[in-house]
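Only one chain is included here, represented as structure tokens and corresponding to the form predicted on its own.
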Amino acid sequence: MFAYVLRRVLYMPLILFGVILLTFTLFYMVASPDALAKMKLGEKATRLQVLDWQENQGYITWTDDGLEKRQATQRMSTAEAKEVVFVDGTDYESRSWLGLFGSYVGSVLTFDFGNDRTDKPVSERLWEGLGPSLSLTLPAFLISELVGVFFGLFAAMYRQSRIDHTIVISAIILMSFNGIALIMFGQKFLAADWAYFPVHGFEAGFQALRFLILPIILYLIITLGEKVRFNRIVMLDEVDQDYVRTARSKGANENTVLFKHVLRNSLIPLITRWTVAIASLYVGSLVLESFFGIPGLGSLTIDAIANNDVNVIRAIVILGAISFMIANLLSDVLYAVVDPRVRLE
């Protein structure tokens, strides 16, 4: 197993390089530096503002003459500065794509993603948003998965009975709820009208709990139906296996059959599901964070997309790629741990 893990770890830089190359192509080469600057600053941005933005992003470098001319504009009035003409090749030089790519790779490896639209370091914004996102998604995910596994097992063990039919019908009803409508209902009645929970906001420390209870409940309701149905299908594949009948014939009680045999042999598809979900937990719940004003990475991502904040979007993509690589490696290792038939070579 150690050799397999080491080989997978050595593959990761190559995969990350591919992701870096792809994001560089999308964010640097698809649109021109002028178009990106206009997207960031607005169509009414002056040429001087565009050049300043490009210089900050590393697209251009000032020549000695250009730097003197740029410093001179700072002593002019706004109207006079707008009239100054900067000439490519004389006042500034555009960097080559190879030079830009080298700088981009270096910034990614040092987790220096530049500044966001408020001129705050992106790495600092990511660190600030990580805590609120995990405070919401981690307990919500754990609770929903535990409840989903329990009812999935329960339905599978009592298949074609009233208990099974009730669980399946309830799961379908939960799946039929519109998530946005359910969030708006909970926020309107449980929070605004009945004042059981805060409508909006977030506080650090233990005070965060009162802001997170309602979003966690809504997350559980929205996702539980689909998880119960998936788990039930997985468990049904195992209930009729020969080893289950053998265990029962040897006198094993239902709890032993359920948890020691059926659940353990159902872990492969469950682990696949869990590791994929865990890899995206850091970004939080985009919709819940937006509705409830939780300052996590989910709301940060939506804000970045709405305002064309390229640096934040790029950082989220890179972190997502890294987390999914780690999650895939973790899933392979867990396969071998829970199932002796799986050999990692």
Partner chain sequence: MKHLRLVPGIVGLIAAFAVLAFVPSCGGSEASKAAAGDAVLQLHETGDPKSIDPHKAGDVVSSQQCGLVYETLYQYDYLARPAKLVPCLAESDPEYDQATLTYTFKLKKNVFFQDDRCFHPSAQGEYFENESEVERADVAAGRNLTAHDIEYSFKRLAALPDSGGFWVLEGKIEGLDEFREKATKLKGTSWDEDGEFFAYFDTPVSGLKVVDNYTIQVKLREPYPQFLYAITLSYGAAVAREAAEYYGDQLTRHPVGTGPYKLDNWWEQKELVWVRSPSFREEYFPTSDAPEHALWRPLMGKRLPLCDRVEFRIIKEAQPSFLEFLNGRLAASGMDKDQFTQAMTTQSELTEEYREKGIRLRSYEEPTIHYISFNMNDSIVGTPAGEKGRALRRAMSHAFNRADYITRMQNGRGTPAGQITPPGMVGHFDDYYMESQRYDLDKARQVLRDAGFQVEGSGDDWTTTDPATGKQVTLTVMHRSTRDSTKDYAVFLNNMGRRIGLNIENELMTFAEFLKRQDEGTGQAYDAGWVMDYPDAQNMLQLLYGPNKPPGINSASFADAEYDRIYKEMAVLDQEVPEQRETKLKLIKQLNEILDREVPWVLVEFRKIFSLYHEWFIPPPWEPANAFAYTYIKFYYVDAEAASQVSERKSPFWPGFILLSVILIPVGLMGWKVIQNQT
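Throughout, rigid core stands for the largest set of C-alpha atoms superposing within 1.5 Å between the two forms. In this text, all values refer to a predicted model and were calculated from it rather than measured experimentally. Numbering follows the first chain given and starts at 1.
Below: the form predicted in complex with its partner chain, not depicted.
### Task
Work out which of 98, 142, 109, 169 lies within 4.5 Å of its partner chain in the model of the complex, going by heavy atoms.
Contact check passes for 142.
### Message
Can you work out which of 178, 90, 249, 118 has a heavy atom no more than 4.5 Å from its partner chain in the model of the complex?
### Response
For this set of options, the contacting one is 118.
#### Entry: Heavy atom contact within 4.5 Å of its partner chain in the model of the complex, the stretch among 264-272, 200-208, 240-248, 98-106
Looking at the other structure, the answer is 200-208.
### Message
If we define contact as a non-hydrogen atom of the residue within 4.5 angstroms of the partner, is residue 280 a contact of its partner chain in the model of the complex?
### Response
Heavy-atom contact with its partner chain at 4.5 Å: absent for residue 280.
#### Entry: 4.5 angstroms heavy atom contact with its partner chain in the model of the complex for residue 160
So residue 160 does not count as contacting its partner chain.
### Task
Answer with yes or no whether residue 135 is in contact with its partner chain in the model of the complex, where contact means some heavy atom within 4.5 Å.
Yes.
### Query
Taking 4.5 angstroms as the cut-off for heavy atoms, does residue 48 touch its partner chain in the model of the complex?
Residue 48: contacts its partner chain in the model of the complex.
### Query
Cα of residue 141 displaced 2 Å or more between the shown form and the other one, core superposed?
It does not, since the residue 141 C-alpha is displaced less than 2 Å between the shown form and the other one after the core fit.
### Query
Once the two forms are fit on the core, has residue 161 moved its CA by at least 2 Å between the shown form and the other one?
After core superposition, the displacement of the residue 161 C-alpha between the shown form and the other one stays below 2 Å, so no.
### Query
Using the core for the fit, does the CA position of residue 207 change by 2 Å or more between the shown form and the other one?
No: residue 207 shifts by under 2 Å between the shown form and the other one.
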